[in-house]
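Let's start with one chain on its own, the form predicted alone, as structure tokens.
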Amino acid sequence: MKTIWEKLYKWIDERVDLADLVEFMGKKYVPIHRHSIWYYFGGVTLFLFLIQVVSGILLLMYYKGSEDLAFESIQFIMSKVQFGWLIRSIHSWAANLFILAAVIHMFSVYFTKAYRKPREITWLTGMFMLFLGMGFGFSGYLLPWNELAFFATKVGTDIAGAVPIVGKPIMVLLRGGEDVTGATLSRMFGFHVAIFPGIFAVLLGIHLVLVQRQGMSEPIGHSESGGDLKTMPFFPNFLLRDLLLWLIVLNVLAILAVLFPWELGVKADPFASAPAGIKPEWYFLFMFQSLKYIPAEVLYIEGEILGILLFGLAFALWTMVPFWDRKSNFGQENKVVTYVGLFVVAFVIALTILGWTA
């Protein structure tokens, strides 16, 4: 006698041809080598994004995006809504873990040269999604309308406004005016729940299609290393391992959310002075701390403006690495690119720690 799952599978199969999809997935193989562990961080990043979407939708049912009600609506969620505090804590922790997993995934792709031909578009969509993820963090930071978020947003938009020529229009666009007000909250709310998710969904779709189409990238020289090449079927072997890691990440997320619930703080007062020692989120700390070390003026250029321009140039060069690291595209490893990556990792970690402890 057929089980209910077999009947359900047959019912869906008759309508969407699941057998063809299973056959396609069964023909896909994942290379096995000493760097294979890094393949899983793409899936972890996707999983954390899905948690963000689900928890964000639940919060959206009670959140009110206005200057007068935003803080109070979060208070209501945390104190009156059943498990509301837990959902908000999961959303906040998942946001941070999402950025962490995305950064690890990005560096793993960089060091294994998985951006090389024909995966340039896959790398570009991934980098744009990372930038959008940081945009999610920046726009969502203000939504509770607490003191720390208010002044951090003011500092962040001031830095954006320091960019020559386009800085002032960008600042006004982000703030919805000259100052951080309720209009800024509405603007950030729109970015956070509509504009950024829409763009992200398109990029994610393209990214996933490309990954499935092109398969997992092999390290340089792996395919030429002889007949001792090992592979693993994507379905079900790799997929089950991916799901197991998702379960572990979910447990870590639950532990963090329960033992270290996200605090709300004090409601923002635009007329109050900024609290001492205000800092951005950890993934912006290395840039924030770097700007402190640049002199006020360098060769008649304002230090802050010079720092912003240098970071902009660095991000552009990093994003375009598939096009200037031509050596790796022809099956050869470029050691200079690896050394640059190691320097960037050390720089980011060191400046983040200095910013955190300062």
Partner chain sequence: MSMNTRRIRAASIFALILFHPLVSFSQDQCRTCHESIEDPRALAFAADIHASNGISCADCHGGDRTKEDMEEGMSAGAGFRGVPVGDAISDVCASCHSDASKMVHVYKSTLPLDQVEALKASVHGQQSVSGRSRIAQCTSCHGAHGILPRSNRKSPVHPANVPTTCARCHSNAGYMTAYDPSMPVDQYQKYRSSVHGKLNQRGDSKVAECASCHGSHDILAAKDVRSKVYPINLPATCGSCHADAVYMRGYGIGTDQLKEYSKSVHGVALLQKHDIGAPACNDCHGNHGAVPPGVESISKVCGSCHALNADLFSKSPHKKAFDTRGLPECETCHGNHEVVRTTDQLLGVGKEAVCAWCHKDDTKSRGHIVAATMRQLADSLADAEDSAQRLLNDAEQKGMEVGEARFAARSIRQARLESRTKVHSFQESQFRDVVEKGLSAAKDVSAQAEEAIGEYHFRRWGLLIASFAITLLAVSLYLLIRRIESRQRAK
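Since the model is a prediction, treat every value here as computed from it, not as a measurement. Positions refer to the first chain, counted from 1.
Beyond the structure shown, there is the form predicted in complex with the partner chain, which is absent from this document and is the topic of what follows.
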query	finding
Among the candidates 265, 118, 236, 205, the residue which, in the predicted complex, approaches the partner chain to within 4.5 Å (heavy atoms)	236
Residue (of 255, 201, 211, 278) lying close to the partner chain in the predicted complex, criterion heavy atoms within 4.5 Å	255
Region of this chain that lies against the partner chain in the predicted complex, out of 171 to 179, 269 to 277, 105 to 113, 255 to 263 [heavy atom, 4.5 Å]	255 to 263
Non-hydrogen atom contact residue 83 with the partner chain in the predicted complex at 4.5 angstroms	yes
Non-hydrogen atom contact residue 247 with the partner chain in the predicted complex at 4.5 angstroms	yes
Partner proximity in the predicted complex: residue 240 to the partner chain, non-hydrogen atom cutoff 4.5 Å	yes
